[in-house]
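A single chain comes next, written as structure tokens; it is the form predicted on its own.
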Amino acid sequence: MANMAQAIRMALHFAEENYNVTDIFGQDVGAPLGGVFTATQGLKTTWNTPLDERGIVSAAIGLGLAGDRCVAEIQFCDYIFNTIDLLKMAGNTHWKTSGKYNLPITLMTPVGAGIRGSVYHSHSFDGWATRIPGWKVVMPSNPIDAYGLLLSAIDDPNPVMFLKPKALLRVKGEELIPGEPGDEKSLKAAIDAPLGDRSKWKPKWPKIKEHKITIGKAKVVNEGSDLTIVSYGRTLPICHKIAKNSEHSIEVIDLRSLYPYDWETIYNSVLKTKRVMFVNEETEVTNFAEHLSYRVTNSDLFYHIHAAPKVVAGKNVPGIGLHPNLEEATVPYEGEIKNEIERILEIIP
């Protein structure tokens, strides 16, 4: 099975061949590295930019306005914050031109903790991303969803932000991407660049097929009746593991698309279970899940729930420490999520 980095690479290759992608670019995106996480190795339209996040976003806007379909990458989301004004301009282009101009750009950036990246490489960006009007925002939790969401993002006529969980980029999937060879070694030999001299290396792409996931559609990955957990990205597999091994009946929803989000799936699940917990690693103050929690309590679900919605998120501290103990005390890990599940289930209506 492909890991997430390989799935992203195959999606980009498919888009080059079928969606008329003209440029894939960013710091170290092109040869010889092919991206700091190797997600852009072997692609024919990649090129390296200077270390200039504002320049990368500006180039993407210019290409999009010229009618080209491009994919730009910010090497780590920790360094995207100086582009907020440009992202705002990109997001409102279609609106402010009364629909005369589309902006078919995809912006990729690795996000979150889990790689012991300390204060410089552990930020989340999902909360910020959802506050920039005009952008669609997606974050996969597994390779097949990464493939499908990225194809949908690239094919969209307007800006889509594709947030890649750093900690999951080397995690293998449980489903084959359509056309992917079943043998992992064969896939690696075909599309992973060798160590050392890569000057003569060329990938041998498998005959992968189109597989798109509708932006705005969540997925129920574990059905249950006692509690709903809504998560995405790095924390989703943790929640899924807990639910499968729990003595309680826990429904787990992989949101996949942060904006637009699938309120119907959340609503129906909470209506069934009467309890809901939102789990992600963005800091707890002004967290995206606070909006979802607010919406639960300000809908008719308020009259059905047996406990107040709970948000389990990153601690509101300036950064994440390098030591594993500091990181695990700052963003949600298995122990904390289990404890919060027990607390919410103890509440008797």
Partner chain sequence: MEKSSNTRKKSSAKAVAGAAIRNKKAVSKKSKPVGSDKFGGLSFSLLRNMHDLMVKSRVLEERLIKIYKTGDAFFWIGAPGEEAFGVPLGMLAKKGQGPLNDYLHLHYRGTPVLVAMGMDPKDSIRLIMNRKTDPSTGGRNFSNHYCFPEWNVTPVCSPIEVQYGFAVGTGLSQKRHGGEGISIITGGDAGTAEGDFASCLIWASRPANPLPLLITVQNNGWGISTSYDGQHGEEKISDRGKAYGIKSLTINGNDPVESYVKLKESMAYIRKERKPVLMEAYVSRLYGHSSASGANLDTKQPDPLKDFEKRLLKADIIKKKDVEELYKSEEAKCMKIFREVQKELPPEASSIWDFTYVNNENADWRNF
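A quick note: this is a predicted structure, and the numbers were derived from the prediction, not measured. Numbering follows the first chain given and starts at 1.
Absent from the display: the form predicted in complex with its partner chain. The rest refers to it.
Site annotation in the predicted bound form: the residue of His240, His94, Lys274, His211 reaching within 4.5 Å of its partner chain with a heavy atom is His94.
Shown without its partner, this chain lists Tyr120, Trp263, Phe81, Trp201 as candidates; in the predicted bound form, only Trp263 has a non-hydrogen atom within 4.5 angstroms of its partner chain.
The closest non-hydrogen atom of Leu65 lies within 4.5 Å of its partner chain in the predicted bound form. For the chain shown alone, Pro50 is a contact residue for its partner chain in the predicted bound form, at least one non-hydrogen atom being within 4.5 angstroms. Remark: Lys136 counts among the residues lining its partner chain in the predicted bound form, judged by a heavy atom distance of 4.5 Å or less. Using a 4.5 angstroms threshold between heavy atoms, Gly182 stays clear of its partner chain in the predicted bound form. Annotated contact segment (heavy atom within 4.5 Å of its partner chain in the predicted bound form): 253-261, selected among 109-117, 189-197, 231-239, 253-261.
Of all the residues from 214-229, none has a non-hydrogen atom no more than 4.5 Å from its partner chain in the predicted bound form.
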